[in-house]
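This document starts with one chain, in the form predicted on its own, laid out as structure tokens.
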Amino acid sequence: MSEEKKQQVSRRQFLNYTLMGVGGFMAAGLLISPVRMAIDPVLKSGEGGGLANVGIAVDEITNEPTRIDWSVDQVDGWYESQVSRSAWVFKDENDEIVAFSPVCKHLGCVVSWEGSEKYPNEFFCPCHDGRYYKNGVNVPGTPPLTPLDEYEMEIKDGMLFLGDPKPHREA
């Protein structure tokens, strides 16, 4: 008989186990939503880095840098928005298409083509007189220390598609 008593669960232990089990299920149910909210954006497949049609045909691109503007869809967690982007697009001396970011590498101001009468045929940043050659390389002795970023690009059906800016090839 004494062995049977040792194996039996007392009423107090049974209630304790039952309450702990129910409490554990309730706690798990309450934690599922916040954990899912925190982890869900990480588990989604990233669609970033896609190329966007910038609305210019390859035949329209000349040797003169032209500023083009376009919008891309951006998703930050659950917030979706339209983000404006710009690029200086032209054909270089090898007749290859080049697309530079207009953001100065010194302080993030916007550079313009032939923005200074003193320095024609150069990209010019008016914030601190930053200058870049037509190939995007910074002019020595001016505030920018690195070349302009280049957009990744692709040509589909005669249209130009641009992606994210990457560091300059010659940097």
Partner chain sequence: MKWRKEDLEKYVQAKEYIDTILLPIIPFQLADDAESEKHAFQQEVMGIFGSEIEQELSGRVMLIPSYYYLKEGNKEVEVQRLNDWIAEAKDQPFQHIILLTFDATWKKYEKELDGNLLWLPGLHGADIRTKETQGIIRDQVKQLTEIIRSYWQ
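Note that the structure is a prediction, hence the values are computed from the model and not measured. Numbering follows the first chain given and starts at 1.
The same protein has a further form, the form predicted together with its partner chain, not shown here; the description that follows concerns it.
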query: 4.5 Å heavy atom contact, D69 and its partner chain in the predicted bound form; finding: yes
query: 4.5 angstroms heavy atom contact with its partner chain in the predicted bound form for S84; finding: yes
query: Partner contact for H106 in the predicted bound form: its partner chain, 4.5 angstroms, heavy atom; finding: yes
query: Interface membership of P120, its partner chain in the predicted bound form, 4.5 Å heavy atom rule; finding: no
query: Residues in 97-129 with any heavy atom within 4.5 Å of its partner chain in the predicted bound form; finding: H106, L107, G108, C109, V110, G115, F124, P126, C127, H128
